[in-house]
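Take a look at this single chain in structure tokens; it is the form predicted on its own.
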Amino acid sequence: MMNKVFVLGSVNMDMVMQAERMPLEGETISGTGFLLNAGGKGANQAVAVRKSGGSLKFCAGVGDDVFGEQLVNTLREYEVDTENVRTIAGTNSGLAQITVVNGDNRIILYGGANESLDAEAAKKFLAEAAKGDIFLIQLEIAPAVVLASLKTAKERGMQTILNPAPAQNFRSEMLNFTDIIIPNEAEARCISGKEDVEEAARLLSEVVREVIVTVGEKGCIYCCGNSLEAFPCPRVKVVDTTAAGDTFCGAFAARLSRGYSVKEAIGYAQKAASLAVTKSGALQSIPSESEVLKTTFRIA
């Protein structure tokens, strides 16, 4: 039996440019390879769920500007159900300014319509969820809405997954309603106060049942109770790390919803994220399940 994956989160129009280096203060430099494409952590994770064969429900907000309709149409192209994607009157759509240097990215976010999602909309969205369904959420929407929706999800008997990004929107109370937390290295350090990633994972696991810290090209660390295990990452040529973490989260949730174990889901998600970084952009870089399964990887 397949459980549904409910994703609540952001939709942004990404403005992406490549550069040889980051500009200094007051400096203008030339960029290359400009891309204007749909993204946002919520949308990225929703598409990753669908492309990995998950049964998806998605809730988000877009503005009534030039980008809003384009974002909704793009989601539909990726077979994402947009029934719960609302157009917020009088607002602009979320935007992300992304600069890619040597395959790594630097991002500036403008929340826009993403900040208009409220707890009531989240509660209505989750009303059709059944016990055992999975709830996946990130922090590109208001922290109060994240907290309220996690609480609602637990009340409905759902399995909750929190991707605490960006970490500055994290509230410690969220952990009380989280079953699995998936931060990257920087986020783990920020929310735990520990510099050592393994120490951070162990501290978080005192509150959250299962902790997965993604550590870039080194793979990830999985901590459950007193057990801590490292999962090495497949080796690939990195082009653009945009949406790598989101691909991991969405692919992981999709695999979990289909009855795979946490460790099996981690292995699959790492392969999906590794393929994502070999392409530029956000949604278009996310691989399908068939791509992941047919690719032979060399483990680092």
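Numbers for residues come from their place in the sequence shown, where the first is 1. These numbers were taken from a predicted model, which means no experiment stands behind them.
Not on display, but discussed next: the form predicted in complex with alpha-D-ribofuranose.
- Taken together, the three residues 9, 115 and 139 all stay farther than 4.5 Å from alpha-D-ribofuranose in the model of the complex, as judged by their closest heavy atom.
- None of 119, 107, 197, 175 but one reaches within 4.5 angstroms of alpha-D-ribofuranose in the model of the complex through a heavy atom, and that residue is 107.
- This chain appears without its partner; in the model of the complex, the one residue of 80, 213, 96, 85 with a heavy atom within 4.5 Å of alpha-D-ribofuranose is 96.
- Although the partner is absent here, residue 44 sits close enough that one of its heavy atoms falls within 4.5 Å of alpha-D-ribofuranose in the model of the complex.
- In the model of the complex, no heavy atom of residue 286 sits within 4.5 Å of alpha-D-ribofuranose.
- Heavy atoms of residue 282 reach within 4.5 Å of alpha-D-ribofuranose in the model of the complex, making it an interface residue.
- Within this chain, residue 61 is remote from the site of alpha-D-ribofuranose in the model of the complex, having no heavy atom within 4.5 Å.
- Comment: 240-248 is the region of 240-248, 26-34, 49-57, 63-71 lying near alpha-D-ribofuranose in the model of the complex, near meaning a non-hydrogen atom within 4.5 Å.
- For the partner-free chain shown, just 14 of 14-33 comes within 4.5 angstroms of alpha-D-ribofuranose in the model of the complex, judged by any non-hydrogen atom.
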